[in-house]
Ligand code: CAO
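Below you'll find only one chain, the form predicted on its own, shown as structure tokens.
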Amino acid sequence: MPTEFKLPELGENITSGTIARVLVAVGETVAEGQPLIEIETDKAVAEIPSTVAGTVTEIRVSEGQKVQVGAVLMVFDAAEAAAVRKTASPTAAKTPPKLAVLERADGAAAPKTPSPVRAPERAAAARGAVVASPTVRRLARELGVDVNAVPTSDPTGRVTAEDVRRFAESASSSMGILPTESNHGRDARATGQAGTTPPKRALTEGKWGPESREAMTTIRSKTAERMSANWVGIPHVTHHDKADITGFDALRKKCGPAFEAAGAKLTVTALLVKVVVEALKRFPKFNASIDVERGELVFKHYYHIGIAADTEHGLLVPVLRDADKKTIRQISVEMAQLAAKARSRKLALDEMQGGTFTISNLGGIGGTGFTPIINAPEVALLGVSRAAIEPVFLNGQFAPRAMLPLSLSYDHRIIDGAEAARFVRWTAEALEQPWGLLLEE
């Protein structure tokens, strides 16, 4: 019986996505929960698992195609899947071996002796398709390898991760290049690591000189769209201040080893999360959103802090949930985990939603200040630049102090300048006296 598989809900306010990869083929039998496609939406690439078990009889989407939530992606034949499962059942395995009739890609029936291979693999092998798990297929894409060209010594014909790595190394050696990420139209970007080089693009002659072009990735397109909407829709004001973190630097040297033993690092950002949560409790407007249609302020009584992450794929903002209930050490560990997932594009959609306030730390790169764009529906964003040793007049004389630049952008519709100044000053003073926040550690 034909069963349609539709694109499910992807998350709050997400109505569409772009097909990044189709992970199955017509004729393949899939199990419930097996990934069918990879879809790129907003700032994440997510695998969409099957909600039914069946044999794929029709695929209605292709890579690069934009689809709406609710659109039919594939059609399954559940009856055929049931028949295959029966053939592969333990009871069937006890009966004398018989020729199993499977369908090839050209529609002809091909006799094949049953083997101890799983039913989906038998179906794939019968139509000449490569047998590989979604994990192996993902690895092949990341290394720029066509999984269909990878030879395998596995008796079942299944391509393994080791097969893919061996093939990639062989291709790299023969061509004198390093394997790079292949992501269907998105160029592998230079990351500053040894051996990586920018991709070559065809030059064309423009009106004023040579030019080259590349298609915007979905992440970049969505970022541009969202930033434009936020900039136009929110009256931004940015307030600048500095915090003396000399004491924190000394504390970091003292407490750092204990954090590292727990698999974390005591960083300015981790401390900032804790400080910001306390500031939001004292200044609740900064942990709110505005409902323009109803003319209401929506105060959030939870503290989900977005941490902007710079990745080779673009700006991603994973959300650290319930930061008020976590110690600085727990915050540090979770931040490291989220950053790793962001870099490897393994963030789930719900891990980038529901934030109430965002922190963007560019201190590792440099700069003395910037004007961050608010991540709606939030109403404020704290930007952090690189700390520098500056002479500060204390107790009648100048002393060298580590000064951290803070830049708070806020929605001037609901936050006044004096409120913003007080918020930043309270945050700066808390950073200057971090010991109380670390007592729970």
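Residues carry their position along the shown sequence, with the first being 1. Remember, predicted model here, so these are calculated numbers, not experimental data.
Keep in mind the form predicted together with the named molecule is missing from the figure; the text below concerns it.
Between the options G364, G233, G206, P284, the residue in contact with the named molecule in the model of the complex by a heavy atom within 4.5 angstroms is G364. This chain is displayed alone, yet in the model of the complex one of T55, S385, S50, S409 has a heavy atom within 4.5 Å of the named molecule; that residue is S385.
Using a 4.5 angstroms threshold between heavy atoms, A309 counts as touching the named molecule in the model of the complex. Under a 4.5 angstroms non-hydrogen atom cutoff, the named molecule in the model of the complex lacks T217 among its neighbouring residues.
In the model of the complex, the named molecule stays beyond 4.5 Å of every heavy atom belonging to V72. Taking the partner from elsewhere, M335 is found to have a heavy atom lying within 4.5 Å of the named molecule in the model of the complex. Look at 158-166, 290-298, 275-283, 262-270: in the model of the complex, residues with non-hydrogen atoms within 4.5 angstroms of the named molecule sit in 262-270. Taken together, R252, R343 and S360 are fully in contact with the named molecule in the model of the complex: each brings a heavy atom within 4.5 Å. The single residue of 395-426 lying near the named molecule in the model of the complex is L404, the criterion being any heavy atom within 4.5 Å.
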